[in-house]
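Quick setup: one chain, the form predicted alone, written in structure tokens, and binding and motion questions come after.
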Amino acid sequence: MAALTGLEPVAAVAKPPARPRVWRGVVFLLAAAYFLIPLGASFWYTVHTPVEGVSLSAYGELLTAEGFVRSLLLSLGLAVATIVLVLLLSLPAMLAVRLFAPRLRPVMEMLCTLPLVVPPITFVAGIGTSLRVGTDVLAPTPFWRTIIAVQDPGFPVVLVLAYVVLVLPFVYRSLDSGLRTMDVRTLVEAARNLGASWPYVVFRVVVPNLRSALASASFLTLALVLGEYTVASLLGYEPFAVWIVTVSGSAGQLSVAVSILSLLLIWLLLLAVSTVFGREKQK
């Protein structure tokens, strides 16, 4: 062929030798040891006693433990309410700023990330003082029942409002990353020119393109609410994290068993949310 065409055959480009990937395995093993060794040690503590040997009695006591189901359901309810409320507040506000007032984006970013620099103890002290002063000031008015209702121990709405503030920086970062990957203005203007209403634009045009960002924001909110202790404890409520600490004073094995199960529960919930968003994305 080279004789017919007069062209010299092109020598095959030699591929560079593959670099050893030992360091990846080392990093993986170190990370696995960092997470699994404490978890394994905790599990061994819950199933082994010097007197009885190996036993799963600590896990059998969970369902009959006083306050276990109540505190777990309360934390799950608070997590769902927090996710719904923070998304309903933050997503329309971020869309409005991007579409109608882009110059306010730095101001909005600063306001949404402000809770990161406020210590939780200061935050909860302010909430407690506001509730006490508000109850006294609003006593002669019809709003007194409202401020009492938000402190209902059965479902403390005040915790939902506090958690919305705490998770706002993480939700803002997740949604902002999602909005940066799409041309919001072009999508909205195209849908509006075709006669779509604003609710249709938000729920059928914008939200489907933000599934990953919404899932990430939901993950972070769920994990934070289920593990939050300071605000709930100082305000006098007993969600799941506070109940675990309370039980640890009288039943050490039971509290560690609950912690392990709560960790597995959070993983399962995150996996379920990820699966739901993944299936909707494939449609």
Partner chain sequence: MSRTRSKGWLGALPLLAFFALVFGVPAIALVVGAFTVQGRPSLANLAQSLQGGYLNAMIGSVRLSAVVALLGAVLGTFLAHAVVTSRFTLLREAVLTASGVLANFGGVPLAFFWIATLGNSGVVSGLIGLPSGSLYTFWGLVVVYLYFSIPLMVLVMAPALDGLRPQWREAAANNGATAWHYWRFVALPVLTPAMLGGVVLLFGSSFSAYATANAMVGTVVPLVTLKIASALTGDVLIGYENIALALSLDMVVVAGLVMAVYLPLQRRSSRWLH
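Nothing here was measured: the structure is a model prediction, and the numbers come from that model. By rigid core we mean the largest C-alpha set that fits within 1.5 Å across both forms. Numbering follows the first chain given and starts at 1.
One more form of this protein, predicted in complex with its partner chain, exists but is not displayed; see below.
Peer 1: Identify which of L138, L187, V150, L161 has a heavy atom within 4.5 Å of its partner chain in the predicted complex; exactly one of them does.
Peer 2: By the 4.5 Å criterion, the partner-contacting residue is L161.
Peer 1: Heavy atom within 4.5 Å of its partner chain in the predicted complex: which of F155, F123, W144, Y200?
Peer 2: Spelling it out, the residue with a heavy atom inside the cut-off is F123.
Peer 1: In terms of non-hydrogen atoms within 4.5 angstroms, which of the given stretches 174-182, 103-111, 209-217, 67-75 touches its partner chain in the predicted complex?
Peer 2: In short, 103-111.
Peer 1: Is R204 close enough to touch its partner chain in the predicted complex, meaning at least one heavy atom pair within 4.5 Å?
Peer 2: No, R204 is distant from the partner.
Peer 1: Is P38 close enough to touch its partner chain in the predicted complex, meaning at least one heavy atom pair within 4.5 Å?
Peer 2: So P38 counts as contacting its partner chain.
Peer 1: Does the 4.5 Å heavy atom contact test between L168 and its partner chain in the predicted complex come out positive?
Peer 2: Yes, contact at 4.5 Å.
Peer 1: I'd like to know if G195 sits close to its partner chain in the predicted complex, meaning any non-hydrogen atom pair within 4.5 angstroms.
Peer 2: G195 lies outside the contact set for its partner chain.
Peer 1: Within 117-135, which residues have a heavy atom closer than or equal to 4.5 Å from its partner chain in the predicted complex?
Peer 2: Residues within 4.5 Å: V117, V118, P119, P120, I121, T122, F123, A125, G126, I127, T129, S130, R132.
Peer 1: L234: after superposing the rigid core, is there a C-alpha shift of 2 Å or more between this form and the one not shown?
Peer 2: Not so; L234 is displaced by less than 2 Å.
Peer 1: Does P38 move appreciably between this form and the one not shown, meaning a CA displacement of 2 Å or more on the superposed rigid core?
Peer 2: Yes: P38 shifts by at least 2 Å between this form and the one not shown.
Peer 1: With a threshold of 2 Å on the C-alpha, tell me if V69 counts as moved between this form and the one not shown once the core is superposed.
Peer 2: No, because once the rigid core is superposed, the C-alpha of V69 moves less than 2 Å between this form and the one not shown.
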